[in-house]
Every structure is written in C-alpha cells, then in structure tokens.
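A single chain, nothing else alongside it, follows as structure tokens in the form predicted on its own.
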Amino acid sequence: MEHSTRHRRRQLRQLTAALPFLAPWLIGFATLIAYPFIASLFWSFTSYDMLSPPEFVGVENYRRLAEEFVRGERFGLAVWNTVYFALVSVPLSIVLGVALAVMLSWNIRGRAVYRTLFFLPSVVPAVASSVLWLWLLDPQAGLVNYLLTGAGLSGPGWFNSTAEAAWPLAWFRGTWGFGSKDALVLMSLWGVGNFMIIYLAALGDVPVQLYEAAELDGAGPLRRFWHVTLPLLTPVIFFNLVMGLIHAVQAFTQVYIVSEGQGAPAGSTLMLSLYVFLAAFKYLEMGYASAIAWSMFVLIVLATWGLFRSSRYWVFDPSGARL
C-alpha cells in the first residue's frame, strides 16, 4: 500500500514537472485546432453571418449543399472542379516524380546539379510561382503559346478558357482543349520535386542484390524496373498518393491568385477550398461555409479510406503486414 502511494506521488511530481513544458503545445492545440474544429461543426447547423449570434437551422445548410450538388450549381461545380484537379494532377505527379527519381539515380556527371535544379521549384513561394505561371501561360504574350505558335500549333486559352483536356465528353461537345484547370495541373507538376526527393531516398534502399539476381535471370532494364524497382516503391507511392490527394483537395493559394479570388473564368477554377473562403468572408455565410468545410472533410476521409482499402491489392510489403 505504501509502495503504491509513493509510486502515485512520483507520477504526480513527474506530471507537474512536465506540464509547463507541455503547456504551449496544449494551449496551441486547444485554441488553434480543437476549438475551431468543434465550433465549425456547430456552425454548420446554424445560420451565422459573424455579425449576429448563430441561429440554429438544423440540416438546412446540408440540404442546400445537396440541392446545389444535384443541380451542378456552385457547390456541385466546386466538387467537380476539385475532383477533376485531384484525379489529373495526383497521378501525373506520381508518374513524373518516379520517372525523375529513376533518371536522377543514374550515375552521371553533374547528378547533384540536376537534382538541385529539379527540386528548386518546390521551394519557390506559391505566390511567386503563381505570378510566373500567369505570365508563362498568358494566351497572347505568354512564352508557352509563343513557342507553340512558332512550332505551327494553336496556343490554348489556358487560364482564360473553361475547356477540359482530360474530360472525354469534351471531344463530343466540341470544347476539347487545355483550359484553366489543366493550367493548374501544370503548375502543380512544376513543384513535383518534393515527391522526387522521397522517391530518390526510397530507391537508395532497394537492395543491389535484387538487381543482380534479376540481371542474371536475363531481365533487361525495363523488366528490372517493373519487377524490382516499382514493387519496392509502392509503399512510398501510396504515401505520396494519400498526401497528394489531401493537398489537391485543399489547394487554395494558387487557385485564388490565378482566378482573381472568384473562380474565373465562369467558375472553372472554383475549388472547394476557394468556395469555403468566398462563402465565409465574401458572402458572410459562416454556417454554410462550415457545412462546405465538413463536406470536404468527409470527402477526404472517404477517399483516404478507399485508398487504404485498395492498398492490399497493389502495395508491396516485404514483412507481409497489411495496411
């Protein structure tokens, strides 16, 4: 009994000594994460303009979101734009990141310089890179369309166009071409250096003996990549796929700058993150904006859950454990 009492007193002294060091993090978590999280959930069931007290309206905000989604209006358009951007940009970033990592793993002269050059765009501030791409993709004076015209091709409208190159029905509608969302995809691929660095680190962990055994079995470079390199990269690809999906759904800074904060042209760049901002701080519908934010949260959770469920079929784990 006495030993147990001394043990509890010792634990209490340790906790008392640790609390001053934990206090800054606990206060930050409570005020910057926990409170906004709980408050937004409450506000999503209210009509709140930030100028008067919230008025409880039940599921009215969610009913409004459902109606707009079915009719393809503001919320439905934002969902489509976000899904389009995520489904195009994330797979392309993975393919490009793996390809760059493999090429930059070759033992060639100046390899460190090439790695630095490909990584640098990922550390350029988002505002600066957005302004740069606005100039590069300008339909009249941009460098990209200038080079395309010099090659005898017609330059797309980019940020001034609502066309969708990756949407199959655009072929039948006669609206096929590279538009504003495709320009945002190009901007996202410019910063693929973050993914490339992770893949480079993973390539360094691939046992050389596996390549030697595959070569002895007569496997060429492509077969070695397909049967040795790629399976061992799948855990890292899975990580980048999940993180890339979350970042794509939450993309805001670049979208706000290139669309002048309005989702222009004609709502083609109205992403969910931008729609939350406009609903909250332009239209002063904080309750409705909170409902949009929670819809984003549910969308991300469902997408992540689906990826984890599918990982058992394609992610290689040498230990045999399941994700």
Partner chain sequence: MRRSSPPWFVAHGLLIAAASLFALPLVWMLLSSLKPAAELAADPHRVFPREWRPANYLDAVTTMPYFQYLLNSLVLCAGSVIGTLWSCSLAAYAFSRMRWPGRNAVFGLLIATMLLPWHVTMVPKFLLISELGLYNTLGALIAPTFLGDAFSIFLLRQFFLTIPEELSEAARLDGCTEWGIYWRIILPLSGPALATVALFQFVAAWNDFSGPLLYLNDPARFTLAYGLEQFVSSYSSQTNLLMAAAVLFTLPIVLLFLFAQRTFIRGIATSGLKG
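Residue numbers count along the first chain shown, from 1. For clarity, a rigid core is taken as the largest C-alpha set superposing within 1.5 Å between two forms. Predicted model only: the values in this text are computed from it and were never measured.
Form predicted together with its partner chain: not shown, discussed below.
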- Query: Between the options Ala165, Leu230, Ala201, Ala213, which residue brings a heavy atom to within 4.5 Å of its partner chain in the predicted complex?
  - Reply: Ala201
- Among Val95, Met103, Leu153, Leu87, just one has a heavy atom within 4.5 Å of its partner chain in the predicted complex, namely Met103
- Query: Quick one: in the predicted complex, does every one of Pro24, Leu32 and Tyr114 get a heavy atom within 4.5 Å of its partner chain?
  - Reply: yes
- Of 71-79, 153-161, 188-196, 87-95, the segment with heavy atoms within 4.5 Å of its partner chain in the predicted complex is residues 188-196
- Any of the heavy atoms of Val276 lying within 4.5 Å of its partner chain in the predicted complex? yes
- Message: So in the predicted complex, is its partner chain close enough to Asp205 to count as touching (4.5 Å, heavy atoms)?
- Response: yes
- Message: Taking its partner chain as it sits in the predicted complex, is Val57 near enough to touch it, meaning that at least one heavy atom pair lies within 4.5 angstroms?
- Response: no
- Task: Report yes if any heavy atom of Phe178 sits within 4.5 Å of a heavy atom of its partner chain in the predicted complex; otherwise report no.
- Result: no
- Within 4.5 Å of its partner chain in the predicted complex: residues from 43-66 (heavy atom criterion): Trp43, Tyr48, Met50
- Taking the rigid core as reference, does the Cα of Gln11 move 2 Å or more between this form and the one not shown? yes
- Item | Exceeds or equals 2 Å, Cα of Leu22 between this form and the one not shown, core fit | yes
